[in-house]
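As a starting point, one isolated chain is supplied in structure tokens, in the form predicted alone.
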């Protein structure tokens, strides 16, 4: 790590500490600089402005979030892993409320990629569910619904921290959303078997490929499967 990288990391850490300690979840650039022992022009050189520093803190928060996800035990049951992932998301929000709000609450002019990268992690988990035949809608649509619900209830709990003590409301929200996107929640009668099969095969091809097919053939098959998966009952 270069001297510039070390200084940048130290300023991000100082800003995150200040964010967590602040009653209004705000930071003062002067205080961040004083904590690290540099002048404000250094902050402007490294981050552009306060918005750039906040974006860097949010993106660093993603790295912590991703590390927790990577440490989560991955089983042979992708649906069970998805359930555990919901609870892990809530635990991250409880332990890092100010950082969580910075990552997931829209901020004007923000260029942070934290939320998009969390979304991509969820899509990857849902591709595994689709490959197992457990998904009723395509992974990105399912991810949008799940993440919106997960973030919404997490922010609600952050506003009233005592709510974190009772997992019931969170799990009820989870079960409602999962009953719509998953086939393995007791709601199978209205599932379209053709769409489910198309989603499963599409996900299997993304995960493992097909040695019998040329790349152009695989791309064409993926495109056909996408059309079936998005077409409703064919």
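Note that the rigid core is defined as the largest set of C-alphas that superpose within 1.5 Å between two forms. Remember, it's a predicted structure, so these values are computed and weren't measured experimentally. Positions refer to the first chain, counted from 1.
Omitted here: the form predicted in complex with a further copy of the same chain. The next part is about that form.
**Q** Using a 4.5 Å cut on heavy atoms, which of 155, 124, 80, 91 is close to a further copy of the same chain in the model of the complex?
**A** The residue in contact is 155.
**Q** In the model of the complex, does each of 6, 39 and 162 have a heavy atom within 4.5 Å of a further copy of the same chain?
**A** No.
**Q** Among 66-74, 39-47, 24-32, 52-60, mark the stretch whose residues have heavy atoms within 4.5 Å of a further copy of the same chain in the model of the complex.
**A** Selected stretch: 24-32.
**Q** Does any part of residue 12 reach within 4.5 Å of a further copy of the same chain in the model of the complex? Heavy atoms only, please.
**A** Residue 12: no, not in contact with a further copy of the same chain in the model of the complex.
**Q** Would residue 167 count as a contact of a further copy of the same chain in the model of the complex, using a 4.5 angstroms cut-off between non-hydrogen atoms?
**A** Residue 167: no, not in contact with a further copy of the same chain in the model of the complex.
**Q** Does residue 85 reach a further copy of the same chain in the model of the complex if we count a contact as any heavy atom within 4.5 Å?
**A** Outside the cut-off, so no.
**Q** Taking a further copy of the same chain as it sits in the model of the complex, is residue 20 near enough to touch it, meaning that at least one heavy atom pair lies within 4.5 angstroms?
**A** No, no contact at 4.5 Å.
**Q** Need the contact residues for 92-107: heavy atom within 4.5 Å of a further copy of the same chain in the model of the complex, sequence order, or none if there are none.
**A** If the 4.5 Å heavy-atom criterion is applied to a further copy of the same chain in the model of the complex, 92-107 yields 101, 105, 106.
**Q** With both forms fit on the core, has residue 9 moved 2 Å or more by CA between this form and the one not shown?
**A** No; that C-alpha moves by less than 2 Å between this form and the one not shown.
**Q** So with the core overlaid, does the Cα of residue 214 end up 2 Å or more away between this form and the one not shown?
**A** Yes, its C-alpha moves 2 Å or more.
**Q** Would one find the Cα atoms of residue 215 and residue 134 closer or farther in the model of the complex than in this form, where their distance changes by 3 Å or more?
**A** Compared with the shown chain, residue 215-residue 134 is farther in the model of the complex.
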